[in-house]
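One chain comes next, on its own, written as structure tokens: the form predicted on its own.
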């Protein structure tokens, strides 16, 4: 029994599976975006090659950087990976059943750690990107939390695995509460910094934003964190809104459908100004409140 638990946490549906799927989602997004733009695009395994290449490159640490320059990217990656291990995947949870508050804690802390890495580099572009990231969090956490509350009240449980099973037997929550599902999808785009919400990076304005100074293995950790976050949020979307899953096939087709919609947003939408991002996210937060009021009243 102990061996099965260890294998579940490390292999399937554990860490190895989560990392593999994170690379797959990122490669799928890049490939589909390229085809939408009439390009051939890189192979699906290109994100894996990018990370391997970065791991072999020199780590350059700026003289003005602070103590957390290495610490925060590592903490961000571990926090988001832990959130993935607490999220139901095809009807099972790698680290055992936990409530949504613990899941939210690791998600939020991992994101904050990313922006703290920008502050720790002391580069002006990095600081601007980190400030934008924190401000953007103020915008998207509102619709994100509102949408999850709707799903929790609809299923009558704070445990993700029970919400997952509720949808399997009672139908998709998104069909009963489409406004909350829409608010969740908007917050998903903002959390993963997919256009039009790539304000903290903004390559045309502030180079690479909060990770401008990062190279080598440190940059690889930041890129891995982004890919892991996409996987975790897509999995949360399946668990809380899009019918749940009890089989790997169901999990895969739903997750790839969500990634496809996110890719469509990436290709079609242009970047917003940070004040527009706040306004846009809060509008969808109040839209989600309509479904919340339906449940409460």
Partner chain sequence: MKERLYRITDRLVSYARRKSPWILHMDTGGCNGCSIELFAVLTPRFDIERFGGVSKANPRHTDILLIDGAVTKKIRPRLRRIYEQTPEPKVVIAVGACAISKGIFHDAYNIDGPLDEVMPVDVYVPGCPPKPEAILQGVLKALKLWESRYTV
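All values derive from a computational prediction rather than experimental measurement. Positions refer to the first chain, counted from 1.
Same protein, other form: the form predicted in complex with the partner chain, not shown, and the subject of what follows.
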- Taking 158, 171 and 241 as a possible spot, do all three reach the partner chain in the predicted bound form with a heavy atom inside 4.5 Å? no
- Task: Tell me, yes or no, whether residue 79 is in contact with the partner chain in the predicted bound form, where a contact means a heavy atom of each within 4.5 Å.
- Result: no
- Quick one: is residue 108 in contact with the partner chain in the predicted bound form, heavy atoms, 4.5 Å cut-off? no
- Message: Even though the partner isn't displayed, in the predicted bound form is residue 214 close enough to the partner chain, meaning a heavy atom within 4.5 Å?
- Response: yes
- Please check if residue 67 has a heavy atom lying within 4.5 Å of any heavy atom of the partner chain in the predicted bound form. no
- Message: I need to confirm a contact call. Of 146, 128, 219, 152, which residue comes within 4.5 Å of the partner chain in the predicted bound form, counting heavy atoms only?
- Response: 219
- Note on the structure: Residue within 4.5 Å of the partner chain in the predicted bound form by heavy atom, from 44, 49, 248, 261, is 49
- Item | Contact stretch among 268-276, 56-64, 231-239, 248-256 - heavy atom within 4.5 Å of the partner chain in the predicted bound form | 56-64
